[in-house]
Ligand SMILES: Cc1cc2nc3c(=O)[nH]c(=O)nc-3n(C[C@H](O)[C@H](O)[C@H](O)COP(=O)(O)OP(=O)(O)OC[C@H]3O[C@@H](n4cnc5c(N)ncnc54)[C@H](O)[C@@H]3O)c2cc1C
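Below you'll find only one chain, the form predicted on its own, shown as structure tokens.
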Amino acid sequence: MSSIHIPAEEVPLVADVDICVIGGSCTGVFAAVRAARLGARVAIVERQGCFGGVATSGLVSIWHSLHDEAQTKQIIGGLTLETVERLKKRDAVHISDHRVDVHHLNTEELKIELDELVTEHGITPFLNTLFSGVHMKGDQIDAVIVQKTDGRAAIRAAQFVDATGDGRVARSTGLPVVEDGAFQPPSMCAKIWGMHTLGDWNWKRAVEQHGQEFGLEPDWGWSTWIPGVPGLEMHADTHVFDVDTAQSDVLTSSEIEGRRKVRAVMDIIRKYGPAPSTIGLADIAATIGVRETSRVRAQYSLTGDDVLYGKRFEDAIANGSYRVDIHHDDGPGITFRYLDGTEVVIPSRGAEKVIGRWREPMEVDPTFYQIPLRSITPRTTENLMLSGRMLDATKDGFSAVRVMVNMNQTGEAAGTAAFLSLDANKPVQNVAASDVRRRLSEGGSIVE
């Protein structure tokens, strides 16, 4: 393929800070807030026009349980709990009290809450700003190169946190990635108003029966209601299969295909649903809901057994109880594996659940698992911490820890470790896990 030559250019320095976070999901924002609370001057870069990532731009309006699987004790606190409490003041979160405490969020309110967290802490925000590369000095990042709406620029920092999801910063430094087979397929989410007007009519069965007519393969999805907006639901009804959304052209085609599938579901309901009924497409995600891309190789790879058997780590920086949740990469369906040894497989939309066991009963079942600091600390690059779904984990381990309440905690740990590295003037690899855990605990996190 032919190419063009771009002459060298002088890039203006738009910020010179202690810590720069690249990626403004909740994970990234929480990394920035933790570092700022410890006294660092922080900048945060986000390619979308708001903070929150998959929760806001992706419309995924669920945060899972902050308690162990037995619902006997709280295992997650910190900024996730603090944000829930802030949203409660505006009736923007509802906590379900059946079996597990699922948090239903009004993610439009969450956008504003994250804005306030950033501004309250004096963090310098760069929205609508795309990361495009790194400037290295030896084994350290000197600056990141970004594309703003008014041109290219550089942000210099002593420490960096990669919260891009796909590990774009880490990859740019040459860090290796984990190759672990096909990826779990992404879903394009949408907000639909008026599904309640369908009455008892089974729209899922209609999609199953007539999907082929509208270019839909057999599939499986889920939906939930949104606090404070009666009649409005968030839907993740379809997947885009066999894609690696870390590749730009694949991401483009996936988002177009995801939107097409949202319309196909709507058209099936319009054509075959009862009359009169009133449904309307109220919103469609600004970005497809990516579940998995390649992860960055760190100092330790969290395994499925580590998660499912509740292994304890001396350097634990996060707790979780969300089940292993594998969206099938080769067709419809989903597999859930629980810490008590049970397994539930849903083959496709409308199919009966298949309930079994992935292991025999134990005398005492684990009720939560942990993520170690080593899984977000790269082997090289002395001033870079990882956070979010690019952490080092096997496919089974990743399939449990990838949800937002868990990834939020990795952001807090990354921001804390980056500050301690800065404060002690030593590589992130030499920061003591005990110091990170102590600072997290002092800031309201639950580490044990």
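Numbering starts at 1 and follows the sequence shown. Computed from a predicted model, the values in this text were never measured in an experiment.
Beyond what is shown, the protein has a form predicted together with the named molecule; the following relates to that form.
Stretch 56-64 is the answer when you ask which of 415-423, 35-43, 375-383, 56-64 has residues with heavy atoms within 4.5 Å of the named molecule in the predicted bound form. Not one of 75, 337 and 397 is positioned with any heavy atom within 4.5 Å of the named molecule in the predicted bound form.
Between the options 129, 293, 321, 106, the residue in contact with the named molecule in the predicted bound form by a heavy atom within 4.5 angstroms is 129. Within this chain, residue 409 is remote from the site of the named molecule in the predicted bound form, having no heavy atom within 4.5 Å. By the criterion of a heavy atom within 4.5 Å, residue 168 is counted among the residues contacting the named molecule in the predicted bound form. The shortest heavy atom separation between residue 289 and the named molecule in the predicted bound form is within 4.5 Å.
For the chain shown alone, residue 201 is not a contact residue for the named molecule in the predicted bound form, no non-hydrogen atom being within 4.5 angstroms. In the predicted bound form, the named molecule lies within 4.5 angstroms of at least one heavy atom of each of the following residues of 181-195: 187, 189, in sequence order.
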